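Take a look at this single chain in C-alpha cells; it is the form predicted alone.
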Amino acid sequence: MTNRDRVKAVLNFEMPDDRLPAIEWASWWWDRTIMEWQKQGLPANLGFHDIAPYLGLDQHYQFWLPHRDALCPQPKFFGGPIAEDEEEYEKILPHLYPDGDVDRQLEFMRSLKAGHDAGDYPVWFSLDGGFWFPRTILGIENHLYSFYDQPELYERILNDLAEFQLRQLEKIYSILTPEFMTFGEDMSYNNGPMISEDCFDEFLLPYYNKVVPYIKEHGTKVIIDSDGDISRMVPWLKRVGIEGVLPLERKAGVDVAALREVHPDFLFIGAFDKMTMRESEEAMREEFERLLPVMKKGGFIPSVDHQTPPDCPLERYHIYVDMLKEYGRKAVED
C-alpha cells in the first residue's frame, strides 16, 4: 500500500494490508533534538522535509496556516497579551487573519498535489482553535478571565476566526483533499481540562459548529491537538463533530486502552511514551507491547506522544523506527 493509502485506511477504521503508518506526527522536529543528532551523524544538509524519510519514516506533509502576519506585535513576555481589550484588538486587526500569507503557503501545497494524488504521501493541515487563538491575543492569564470578564470580545474573536478559516478552507479544497486536520487547542493539562464544560458549550461549541461541518463535508477527518489529559473532554468534542485526538500524553495520565474501551469509534494518534526513548531498547519494546492491543483494534496511528526529546540517541531512534514498523505489521496480522 502507499503511504497515503495506509493513513486513509486507519482513519476509516480499516486495516492496511501490510502495516500501520510509520510517522512522527510532530513533524516540526525539535531544534535541540536535531542539533544533538547532527553531532551523532545526522547529515547537516538535510532539508526540513528530508529528515523523516532519511530516518526511515513514511513521508507526510503538514500545513499550519498562519493566523497573524510577520509584523503583528509580540507579547512583552512569554504568555503575555498583545491586546487586552476591544480597542486594542481593533488596533492589531490589520495584522490578524492574513489571507495573503496563507496564499503563499498554499502554493507549496499546490506543488505537492501530484505526489499526494499518486499516494506518495498524505497531507494534513492545522488551524488555531477557539481556545488556542484567543489565548495568543489576550495572553494566558487574561484569556482564562476573559470567559467571565470579556465574553463579548471573546465571541467577536471567534466569529472573526471562523470567517477567516472558512475562507481558507475553500482555498484548500480547491487544491486537494487533506486526509485529516487538527485544531491546535492545548486546553488540557495533567489534571484535565482548563475550562468547564459550561464554558466549552457557551463559547467553543458555536465556533466549532461553524467550521467543523464544512471540513467533514469535504471528507477530511477532524482531530483535536491538545496536550495533557483530554479524557474528560472527549464527550464534549464528539458533540461538535470532532472525530479524534492527539497526542495522548502518557505522563499526563492518558490511558489509550481505557479510552478505546469507552470510545470505540474515536481516532487516536500518538500515545507512545516518549520518555522510554531515553531509557533503553527494552523500555521501548515494553511500550509497544502496551500499545499493541489498541493498535489491533483500528483507528489508531501510534506515534511519539509529543516531539522526540533531545536525549534520545540517534541510534536508538533508528531502533524505534524499526520497532514502529515491526509492531505496525503485527497489528494487521490475523
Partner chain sequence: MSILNDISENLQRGKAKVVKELIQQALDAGEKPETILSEGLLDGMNIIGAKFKEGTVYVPEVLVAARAMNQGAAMLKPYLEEAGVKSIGRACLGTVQGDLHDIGKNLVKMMLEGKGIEVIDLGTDVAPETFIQTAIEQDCQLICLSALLTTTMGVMGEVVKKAEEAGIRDKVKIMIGGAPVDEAFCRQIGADVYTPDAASAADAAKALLTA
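Positions refer to the first chain, counted from 1. These numbers come from a predicted model, not from an experiment.
Note that the form predicted in complex with its partner chain isn't included here; everything after this is about it.
Asks: Only one of 89-97, 207-215, 110-118, 133-141 has heavy atoms within 4.5 Å of its partner chain in the predicted complex; I'd like to know which.
Replies: Correct option: 133-141.
Asks: Is its partner chain close enough to 30, 78 and 275 in the predicted complex that each of the three has a heavy atom within 4.5 Å of it?
Replies: Per the other structure, all of 30, 78 and 275 touch its partner chain.
Asks: What is the one choice in 232, 167, 239, 156 with a heavy atom within 4.5 Å of its partner chain in the predicted complex?
Replies: Spelling it out, the residue with a heavy atom inside the cut-off is 232.
Asks: Though its partner chain is not shown, can you say which of 244, 184, 193, 178 has a heavy atom within 4.5 Å of it in the predicted complex?
Replies: Filtering the options by heavy-atom distance leaves 193.
Asks: Within 4.5 Å, heavy atoms only: does residue 171 come near its partner chain in the predicted complex?
Replies: Residue-level check for residue 171: no, no contact with its partner chain.
Asks: For residue 313, is any heavy atom within 4.5 Å of its partner chain in the predicted complex, or not?
Replies: Although its partner chain is absent here, residue 313 would stay clear of it in the predicted complex, with no heavy atoms inside 4.5 Å.
Asks: Since only the chain is shown here, I'm wondering whether residue 149 would be in contact with its partner chain in the predicted complex (any heavy atom pair within 4.5 Å).
Replies: Yes, residue 149 sits close enough to its partner chain in the predicted complex that at least one of its heavy atoms falls within 4.5 Å.
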